[in-house]
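What follows is one chain in structure tokens, specifically the form predicted on its own.
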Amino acid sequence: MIRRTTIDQHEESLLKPLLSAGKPYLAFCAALLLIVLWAGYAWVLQLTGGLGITAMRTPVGPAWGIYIVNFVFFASMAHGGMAISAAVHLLKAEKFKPIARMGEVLTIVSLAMAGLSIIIDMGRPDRAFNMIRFWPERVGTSPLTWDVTVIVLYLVLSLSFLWLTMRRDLARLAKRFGLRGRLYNLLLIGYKADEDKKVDRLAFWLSIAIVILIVMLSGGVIPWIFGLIPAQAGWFSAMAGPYFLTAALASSLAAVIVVAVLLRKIYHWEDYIKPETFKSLGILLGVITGFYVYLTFAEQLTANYAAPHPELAVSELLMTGELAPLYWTMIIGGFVFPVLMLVGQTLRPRLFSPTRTAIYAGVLIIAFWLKRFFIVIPSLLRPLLPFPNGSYTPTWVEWSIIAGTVAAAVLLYAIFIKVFPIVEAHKE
């Protein structure tokens, strides 16, 4: 009887997000919705007025702006959660199990925002259908087609993985909730009480496929969009694959840490999500980001030692030019300092706390967004042809739409945790 009561209390605690939606939550969602609506208004202006109302220009400015920066950022953010879930199923890393579903949902939301960013960047969004129409003849020749193919496949597999691993909870909760219970029943197609072993086996093989796709997406097709353009200084590099993959793993791990710490604090899940989980993730994040700092150093050393003049021009724009103050602030304050703090927690355990780890992770998320900006924009401001050097200051329309995509991502996540269990509600 005591054990039954303990399990009931455990489940009630984990179901807190589903049981009530207070005024702070509703006010928060309302604020996010207003930002999304404002971004929608800005996008309508862009559709009717054309991309000329943005700051994207050619030949004396960037043809790609912060929309593509956002695409690369969100596509990269889609890996940490699924990597953690894969670790749980492949490596039996049980201490990460409480935050696995949080990461899975983050992956799906990030992939959706990555796709939306591409649509927003197009002056004619209807032409996105040409990617489907001409897919058979372009799949072997266009890196952009490879990118769309892998993202769609990754999204389908991620949704399938989430659906499979959530079925047991939905079956337990279907009778408890009214309207949501009907939705749960719709999603429980073919559910059987003894299917757990089959689900675990399917999740295992899906984890393997997803790990392969993680490497293909951020270690392959996204960096190849940049790295296979020989006419663009600063992009054409065989190092693009490991460079992008390292950044993707680090930024997505940072996002998982921030989300998990926030939900842990809001819903008082301190007894369920142990501090050791964040200590391990923080150390891993510090090591991966430290390696990324090394790759950045190697990139700039090559560009300044004996590189062709166009490569040097792009590097000088970052190291000593008009972008230098923001660039060095990002390197020192956004990367080096958080890495030292995260790794320092292993040497001095008294420095560790989940909240501090989340703060350092939040700083890294901002720094990685800026790093994507410094990958995409500077190379387009130093043309190889004899044109004047360009400049780029995003307009209010661009910033509004960027804010709207971020708000939409947070809003989708907030809605999900009120409709579906964000952690496994059953206990063995």
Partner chain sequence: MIGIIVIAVVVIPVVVLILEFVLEKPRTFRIPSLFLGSVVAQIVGVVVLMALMGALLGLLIPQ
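Everything numeric here is computed off the predicted structure, so don't read it as measured data. Numbering follows the first chain given and starts at 1.
Omitted here: the form predicted together with the partner chain. The next part is about that form.
> Report yes if any heavy atom of Leu213 sits within 4.5 Å of a heavy atom of the partner chain in the model of the complex; otherwise report no.
Heavy-atom contact with the partner chain at 4.5 Å: present for Leu213.
> Is Ala27 close to the partner chain in the model of the complex, meaning a heavy atom pair under 4.5 Å apart or at it?
Judged by the heavy-atom cut-off of 4.5 Å, Ala27 is well away from the partner chain in the model of the complex.
> Although the partner chain is absent from this view, report whether Ser353 comes within 4.5 Å of it in the model of the complex, heavy atoms only.
No, Ser353 sits far enough from the partner chain in the model of the complex that none of its heavy atoms falls within 4.5 Å.
> Is it the case that Pro125, even though its partner is missing from this view, gets within 4.5 Å of the partner chain in the model of the complex, heavy atoms only?
Heavy-atom contact with the partner chain at 4.5 Å: present for Pro125.
> From the list Ile119, Ile229, Ile332, Leu91, which entry has a heavy atom within 4.5 Å of the partner chain in the model of the complex?
Residue within 4.5 Å of the partner: Ile119.
> Just one of Ala324, Leu301, Ala238, Ile208 has a heavy atom within 4.5 Å of the partner chain in the model of the complex. Which one?
Contact with the partner chain in the model of the complex is made by Ile208 alone.
> Please pick out the stretch from 91-99, 229-237, 72-80, 186-194 that is in contact with the partner chain in the model of the complex, where contact means heavy atoms within 4.5 Å.
This holds for exactly one stretch, 186-194.
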